[in-house]
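Before any questions on how it binds or moves, here is one chain, the form predicted alone, in structure tokens.
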């Protein structure tokens, strides 16, 4: 049993709020205990972050901060096995995924934003004045201040450092509230912060749930200068409402019901490999995952059969075993949600192409398992097609024309991502520009250049992360006007 303690002002402290268990999703067994931070401890964490802004962290030069960011990346990699084990036990995801994506990318984010801040510029303008002497305007970039970082449970380390790294690069301090489902790697990172010499108070972690708990205490705190959140849209709306008091900026990457569009000239093998990952990777618990696919009618049956084969190919089991390719969902509660959609699809008369239930796994009966699932035959009005499920499932619908495919893809309150599969380059450009999403992939999925803008439109979020776009959120520009 592990006690996951809060990390406040460089020290690990037990929470004084409600206690709750941490479960291993593979078996359902209790592996740890979390005591939430109470309101006074959240106040303490925010106060420590505020004090650190005025202390040695605030006086550091950019090259000094860059050096510490690179040490953080090295520190995570030096303890790679510790982070890997912690992430697997928190999430149940297979070693093959966590060792290639979660931990390497979690570490790499510190190097990415160290590179970014090293070349981060501003602007200057010379202007005429009535007396003929002129004036010079130039911008000074300053940290935004204390940043509240609210993290999801699907990619805990990766998505946490995706926010913490640019925040620290810009000279801010942070208070992190990890998901109550996945407390381990955010806590472990506190040890690395101390090991590499990050000053106390720069990085703080408070554990707990959202409403009436650490999450709400943090997002409503008057001394928090900005809030960044990745998670479901409903929670994002609550955070945005909280941020309105005090007029504090938010960066929100929210839910999605992402469409895939497959044209009849697509390379079939490449499409099946890519769209299969888009539907089932990380047990479907990816905000960028594809839960609705529109397929040109002439290849519809072949695509349905190919995707069914992909769904049946996954191997369940011990996530530490390299032969395991699919883990459980995160919790009993989330499994109940996913299975409720499986039941809804059945009751609405969906044609079940693959999956649709719970796998029979000896020795893992208490785990939160669901089968990768493919349906056809439901109307676009079905909740299975319109609502985010966040599980390893997808629905296929045929289309005839390009215009029809675009209209179907855009018929959603969400607008996070799409993938388009075609060998017609002109069509690829034309369609990618018309789908109402933050990112369109053509003949690929989850391929990310971390310098580019990332985020959603419509109900999928507000703001952009990545490259200069992250730096714009985590810093403020002050204009200086000098009369010459």
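Numbering follows the first chain given and starts at 1. As the structure is a computational prediction, the values presented were derived from the model and not from experiment.
In what follows, reference is made to the form predicted in complex with a small molecule, a form of this protein that is not presented.
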item	value
All of 316, 339 and 391 within 4.5 Å of the small molecule in the predicted bound form, heavy atom check	no
Contact flag, residue 42 vs the small molecule in the predicted bound form, heavy atom cut 4.5 Å	no
Exercise: residue 210 in contact with the small molecule in the predicted bound form, heavy atom 4.5 Å	yes
Interface membership of residue 180, the small molecule in the predicted bound form, 4.5 Å heavy atom rule	yes
Partner contact for residue 416 in the predicted bound form: the small molecule, 4.5 angstroms, heavy atom	yes
The small molecule: the contacting residue among 171, 199, 274, 215 in the predicted bound form [heavy atom, 4.5 Å]	215
Option touching the small molecule, based on a heavy atom within 4.5 Å in the predicted bound form, out of 238, 408, 85, 308	238
In the predicted bound form, segment of 67 to 75, 393 to 401, 148 to 156, 356 to 364 with a heavy atom within 4.5 Å of the small molecule	148 to 156
